[in-house]
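This document starts with one chain, in the form predicted alone, laid out as structure tokens.
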């Protein structure tokens, strides 16, 4: 097995881990509701897998498990329904010509600064009349013009996907929302307001430039930090439905995953701005497992059990494979999911989780289910 830390001293809440370590290198490349912290992944991978093993995450999200697997020298395959989430994961795990990347990012920001200095006048006077209903509603006119201009620059550069992630992250921050409500805003903020985060009167955001500057350089720095840790292990991200995806002869030594929770997060809607910015990214929201639009009633829970069991049952596992599933099992569904998936329960570990959003520091509990194939 990989090297271990002292198990007896480890608190699975990781409450003592500082924020900068929870969000180290590429783990903070783009906001993503519902991801687990990297220390939790590292803890179980170190104790249960060997160098060169193959890991599967059939609900890959923005790629946290895949990144940690790579750092530890594990090959990994992630399956993710959301095209935008899959793109974030690919950007995190990419290998880059770092001097060229930094040059392109700096050039794009310089082009945007020139656009702003020129009173946001479009070359040839051809400004887009609309960017889409979400961006039209949530961005001030100045911010919207900056975002759309930056988007026109992306095709010029080799590292276009990195620039897409930078632009999406900046657009999220440039929305006219309260500073304490970025995760789940209810309505645009057009007037000064009392900010619960800063404890003073704050003005609504009108420009995206400062965010694009900040996140451009932060992204380069984070990719450079991860490049120093990147191992030769393979990392494959499949944008597909894990209920039907083909694994093309792969066999896995284990699974580490966190399926969507029933009725909690709309994984497409949280990035609605990105889908409007980049309409070439297909919206697969109708196929989400556990989507809030289906509710949490008996029928929704039954469908959820069947879907997650199908995903786990289809995973091509070696006989001694470890399966770790992180879930907030408030409805007590996972014993039945395991049964239908042909898995037996080895252990259940519980951990308190601090909801670290701009506004919410409440705690809830989630479980880590350690499963194996029934013999």
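Positions refer to the first chain, counted from 1. These numbers were taken from a predicted model, which means no experiment stands behind them.
The same protein has a further form, the form predicted together with a small molecule, not shown here; the description that follows concerns it.
For the chain shown alone, residue 287 is a contact residue for the small molecule in the model of the complex, at least one non-hydrogen atom being within 4.5 angstroms. Contact between residue 64 and the small molecule in the model of the complex is found at the 4.5 Å heavy atom cutoff. Taking the partner from the other structure, the small molecule in the model of the complex has no heavy atom within 4.5 Å of any heavy atom of residue 299. Among heavy atoms of residue 243, some come within 4.5 Å of the small molecule in the model of the complex. Comment: 27-35 is the region of 335-343, 313-321, 42-50, 27-35 lying near the small molecule in the model of the complex, near meaning a non-hydrogen atom within 4.5 Å.
Residue in contact with the small molecule in the model of the complex (any heavy atom within 4.5 Å), chosen from 304, 252, 267, 215: 267. Only one of the listed residues (75, 168, 219, 82) places a non-hydrogen atom within 4.5 angstroms of the small molecule in the model of the complex, and that residue is 82.
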